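Below you will find one chain, with nothing else, as structure tokens; this is the form predicted on its own, and questions on how it binds or moves follow later.
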Amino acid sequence: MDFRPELVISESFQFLVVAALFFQSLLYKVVSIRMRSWLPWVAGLGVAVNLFCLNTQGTMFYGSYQVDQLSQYFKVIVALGFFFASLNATRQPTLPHEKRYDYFLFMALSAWGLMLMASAVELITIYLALELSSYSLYAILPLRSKDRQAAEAGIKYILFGAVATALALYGFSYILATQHTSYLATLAIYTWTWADSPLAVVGLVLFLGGMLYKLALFPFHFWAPDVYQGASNETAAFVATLPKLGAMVVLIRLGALLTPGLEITHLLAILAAVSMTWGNLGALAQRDVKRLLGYSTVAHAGYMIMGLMPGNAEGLAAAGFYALVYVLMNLTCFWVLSRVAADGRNLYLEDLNGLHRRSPAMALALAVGAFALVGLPPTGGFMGKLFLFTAAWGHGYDWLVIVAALNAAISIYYYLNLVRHAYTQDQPGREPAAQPEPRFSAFWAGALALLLLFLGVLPGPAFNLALRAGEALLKLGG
């Protein structure tokens, strides 16, 4: 079996440990400028290695760690998201210079934990990988030039995370007591109905709470807008994207236990509908762009949960495809925010006024990201929503598809409001002059936008990978 994807990231953070310990040495002072930007290219190497290992199969650690098509598909997305998130963070104005290696160390450690979570097929292994990725985020959230809001964001994330962890462990105890196993493949053969095994149902709901917290699904969503607002723009970009991948891969694996009509499935459908509505209505009132994207995350968590409703490979594939698109959509928007706010401040809608004159490439990338978040063609967001709606329709959850479509219509206002400020509003009192576009910023903004357009025009390759992973998962569960 091939573990090269995990090894690429693990070797990078091992090197970062050494660099962080000896940052005062003469070697650090001489080569720090060259070394601080190598991590994104290690992540880029991870993308290539993951693509090469897509068809790898195998297990280890007594069957608790499994490399399969689903795990490798999500590891590609984690590596891709880690590449763009770390590339974005290399030019971070609010990060103290002496903390750079520590920051990237914990960022790499979190990404490694998410890769481990993608292959975890046993509940305690899932929990340990979840905590590994979460504890790393606890350390980097407050790193924003002694900003009080950043400290507050870190405390809120820790407190909510502690509650979610307690719920997950409490639920695990119920599952183990009633089903006498913690392996997902064995749990898949049991019946998960309230009539047959009420304690197991309660335990699974509680364990799911830990995953729903990472996904920011209602009612585990309250931390998201505050944490996004308090963290630095670059840290918020990481927190808003990659942890959702870990939650989704676990939910997809657990989704193989569920079928339409179960009490748990009904509960998830209700939470998805409320999450979409709450998130979109909350976003309508926001002026801080990061808080707006925080409520947007709550809404999109509801969309992703829709893929679990049908209980078939198409639904799981739609959820996996939408997870990829979600990461790219949000990274595109956060890339623009990080570049526009060159001093690291939080941006309000009015700060985007005249962006098409000041920075045409950033304005165009923001427009593509916003159109994708709405779900307009020809972006990947449109195809992602289409796959989700098609998969859920006709399996007893038509009402959820209608709710999702209505919420997509509501979201048009605040997403296109970003574009309206960037293209139709000018800064009062002065004509914003066009500025030379940094090639670094423009190139990668264009790359993100092109990826979103490519997934909208040719979604087949990515969706088919997710579909094969879903079919293999259900076959194994069956």
Partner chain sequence: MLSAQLPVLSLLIFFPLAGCVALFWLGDEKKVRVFTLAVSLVELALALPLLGFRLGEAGFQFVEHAPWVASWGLAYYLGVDGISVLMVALTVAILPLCVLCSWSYIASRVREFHFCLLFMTSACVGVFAALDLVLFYVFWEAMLIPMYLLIAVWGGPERRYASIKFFLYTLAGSTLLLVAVVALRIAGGTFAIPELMQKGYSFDFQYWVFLAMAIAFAIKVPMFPFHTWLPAAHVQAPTAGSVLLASVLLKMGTYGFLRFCLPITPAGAEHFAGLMIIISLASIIYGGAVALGQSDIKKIIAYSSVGHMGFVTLGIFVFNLRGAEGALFQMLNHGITTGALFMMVGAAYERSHSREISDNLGLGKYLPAFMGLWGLFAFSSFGFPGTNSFVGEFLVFLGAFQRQAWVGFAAVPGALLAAAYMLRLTQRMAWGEPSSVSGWPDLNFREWAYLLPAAFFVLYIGLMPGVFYKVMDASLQNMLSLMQRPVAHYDAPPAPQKSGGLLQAAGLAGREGGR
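Residue numbers count along the first chain shown, from 1. Since we're looking at a predicted model, the values are computed, not measured.
The same protein has a further form, the form predicted together with the partner chain, not shown here; the description that follows concerns it.
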Open item on the list: Residue-level contact is defined here as any heavy atom of the residue lying within 4.5 Å of the partner chain in the predicted complex; does Ala447 satisfy this criterion?
Closed with: no
Task: 4.5 angstroms heavy atom contact with the partner chain in the predicted complex for Asp102 - done: no
Open item on the list: So, Leu386 and the partner chain: in the predicted complex, are they within 4.5 Å at any heavy atom pair?
Closed with: yes
Open item on the list: If we define contact as a non-hydrogen atom of the residue within 4.5 angstroms of the partner, is Tyr170 a contact of the partner chain in the predicted complex?
Closed with: no
Open item on the list: Just to confirm, with a 4.5 Å cut-off on non-hydrogen atoms, which of Thr259, Gln149, Thr90, Thr178 contacts the partner chain in the predicted complex?
Closed with: Thr259
- [ ] Look at the stretches 77-85, 213-221, 402-410, 140-148 and give the one with heavy atoms within 4.5 Å of the partner chain in the predicted complex.
- [x] 402-410
Open item on the list: If you apply a 4.5 angstroms heavy atom cut-off, which residues in 359-386 are near the partner chain in the predicted complex?
Closed with: Phe371, Val374, Leu376, Pro377, Pro378, Phe382, Met383, Leu386
